[in-house]
Ligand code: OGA
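Next up: just one chain, as structure tokens, the form predicted alone.
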């Protein structure tokens, strides 16, 4: 295998890997590259749901898809890969086969509103639109290293509330109520400066901007600080933008990365397979 850095601060492309026949030593090397770089790109793969699930399970215990995101698209295949679900805008027989549609998904950390957010997310491209739908991945470890001292002082030793009301696409979750005061939004609180349990490196852990709140601060002060921190974290040197090709697999570390997706033409088809690995409580 060959490991090619994607950018100075974030990401690695893996070439020459046979994902169907990875030895324990090869997988250990992949895992090290993933932890060190935050996001790993492996192109030209031919995976079905079962193969993606088997690979994801080598990273750890898998999360089950939410009931609302289970897909009936592949019939019996869902029984062969119960931990894989679809990210798609495609509608078949009047029913969406996946979630998130064709709109933009804002910068976020997957399911950070849980007590134990997922460790790893794997996304595989089955069908890609002619343009649009690029996914960007931001290193919150690199952002923390460069964070101005006055902002570091604001977040050091503090926790932030991770709102569970809205999806990354800005949609109110089924059964949730709209909340105007972020300090009163439902969700859990996690340390804003998180220590990676494998690398020991620290990173910013914010989840997403909407309804975020720095615990213990006056609301206006929290809003100003979060606006400034999010703007800083969106600087070009901290993120890698991926232009998808069919057969691409991306694995990112949910403990140290944020990601977003740009919108694409809703009349084009985009079908992605996703698997997710259970995590532990941030510290």
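Residue numbers count along the first chain shown, from 1. Nothing here was measured: the structure is a model prediction, and the numbers come from that model.
The discussion below concerns the form predicted together with the ligand, not included here.
Taking non-hydrogen atoms only, residue 119 never approaches the ligand to within 4.5 angstroms in the model of the complex. Contact annotation for residue 142: none of its heavy atoms lies within 4.5 Å of the ligand in the model of the complex. In the model of the complex, the ligand sits beyond 4.5 Å of every heavy atom of residue 125. Heavy atoms of residue 108 reach within 4.5 Å of the ligand in the model of the complex, making it an interface residue. Contact with the ligand in the model of the complex, judged as any non-hydrogen atom within 4.5 angstroms, is confined among 48 to 56, 244 to 252, 32 to 40, 226 to 234 to 244 to 252.
Proximity to the ligand in the model of the complex holds for all of 87, 100 and 274, with the criterion being a heavy atom within 4.5 Å.
Residue-level contacts in the model of the complex: of 203, 112, 135, 211, one residue has a heavy atom within 4.5 Å of the ligand, and it is 135.
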